[in-house]
Structure formats: structure tokens, C-alpha cells
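What follows is a single chain, given as C-alpha cells, in the form predicted on its own.
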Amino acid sequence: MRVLMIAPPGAGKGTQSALIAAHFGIPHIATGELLRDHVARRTDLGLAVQEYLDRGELVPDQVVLDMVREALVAAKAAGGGYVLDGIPRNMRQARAAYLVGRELGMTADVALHLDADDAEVTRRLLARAALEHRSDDTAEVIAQRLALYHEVTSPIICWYRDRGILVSVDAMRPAQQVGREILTALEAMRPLLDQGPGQARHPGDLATLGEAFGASG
């Protein structure tokens, strides 16, 4: 099972990614954790990341993709499954990640889209900010993050839908309920995925299954 996650801030991507990884016994590849781990271990990639951070610059896509490639190679050796969380954030990353996956024979089986409206994720993020005493997650900052998400992510969702691997799940409900439905849907998809790349898969197969388990859009 190879899953990549697409979700707005506050939709529960980290929670659901960890649940899927634990259920299927596959690596949870979280790009933020990869970056922190490489920096902590002072690897060549980590030293490069630290230089960008020290200059107050964004880490370039290629550096992140190099880390993801390394993680995918390890995941392939461990059995071939993964949950990818944190990339892609734009179409350029989506295409680049696809090329890396294709080169390694590790392209995603499912692009899992956690669908939640702005009002709900704003409520969640403000509640989390209050709980964690975070001053950076203000309503204004959250609105900016969501606007950016919608601007750059809509084309990604359409692209995965056209490829026939998009499954949208209603993430407006309690996390435990969402998680149960995700796992049920993914388990139902297993026979299709087990056909392997040599077998034709109708583009609507996964999407239709997703709709049956609480999907929207």
C-alpha cells in the first residue's frame, strides 16, 4: 500500500498518516521529520538544509526530493509500502515526486485527500494554538495559509483525479471516525492494488470506492 496525503492545515493529516502507517505496517515518511532528522544527524543533506535555514531561506524542492528519494529507497527495501506526508505542496513537486517514484517503481497507489472546509480547520488551528500557547497561529496567518493551500493545491487534486488515484474523504468529523473509514476504504482497495502494475485499472475504481466510504468531491 503506497499512499500520499493531501490536506489543508488542521485537517488531521499527521494523525491519519500515522494511523495508516501503523495499520499496514509501512513507513510514515513525513518530510518535516526527515528534514529535522538529517539536520540532527548532520548528514550531507542535513548540513545543506541548515545552511538554508541559517540564511532564513526556504529549503529548495530538490533537497527535499533527495530526502524523499532516500526514504523511498529504504521503504522499497522494507517491503514497498509507505505513507508520504508533507509533499507535494504544489504541481512542480507533484510531478517531480511522481518521476522519482516511477524511477524507483514506487509510485503512489492512492492520493488521499482529507476534505475539510476553512471554517472548521480554522477553528481547530486556533484551538490548538491556544492549547499550545502558540502566538504564530493567528486567524490572519491561518487565513493566509489556507489561501495559499487552495491556490497551489487545487491543480494537484485535479491531476491525481485525472490519474485515477484520488480518494477524497470527509475530514470534518471526529478523527477516530475518519480514521476508521479511511482504513475500511483502503482495505477494500487492496484487491485492486494487488493486481499489480501489469493489470489495467479503471480510473474510476478507487474513486468510486472512496465515495462509498464517506468521500466528497
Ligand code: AMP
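Heads up, when I say rigid core I mean the largest set of C-alphas that superpose within 1.5 Å between the two forms. Note that residue numbering begins at 1 and tracks the sequence as displayed. These numbers come from a predicted model, not from an experiment.
Separately, the form predicted together with the named molecule exists; it is not shown, and the next lines address it.
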| item | value |
| --- | --- |
| Candidate from Leu53, Leu47, Leu192, Ala175 lying within 4.5 Å of the named molecule in the predicted complex - any heavy atom | Leu53 |
| Contact segment among 112 to 120, 75 to 83, 133 to 141, 95 to 103, judged by heavy atoms lying within 4.5 Å of the named molecule in the predicted complex | 133 to 141 |
| Exercise: Gly32 in contact with the named molecule in the predicted complex, heavy atom 4.5 Å | yes |
| Arg36: touches the named molecule in the predicted complex, heavy atom cutoff 4.5 angstroms | yes |
| Proximity of Cys158 to the named molecule in the predicted complex, heavy atoms at 4.5 Å | no |
| Contact label in the predicted complex: Arg124 to the named molecule, heavy atom within 4.5 Å | no |
| Residues within 4.5 Å of the named molecule in the predicted complex, restricted to 52 to 83 and counted by heavy atom | Tyr52, Leu53, Gly56, Glu57, Leu58, Val59, Val64 |
| Post core alignment: Arg36 C-alpha displaced by 2 Å or more between the shown form and the other one | yes |
| Asp162 C-alpha relocation of at least 2 Å between the shown form and the other one, rigid core basis | no |
| Per-residue C-alpha change between the shown form and the other one, Pro174, threshold 2 Å, rigid core fit | no |
| Direction of C-alpha distance change in the predicted complex, Glu103 to Val39 (at least 3 Å) | farther |
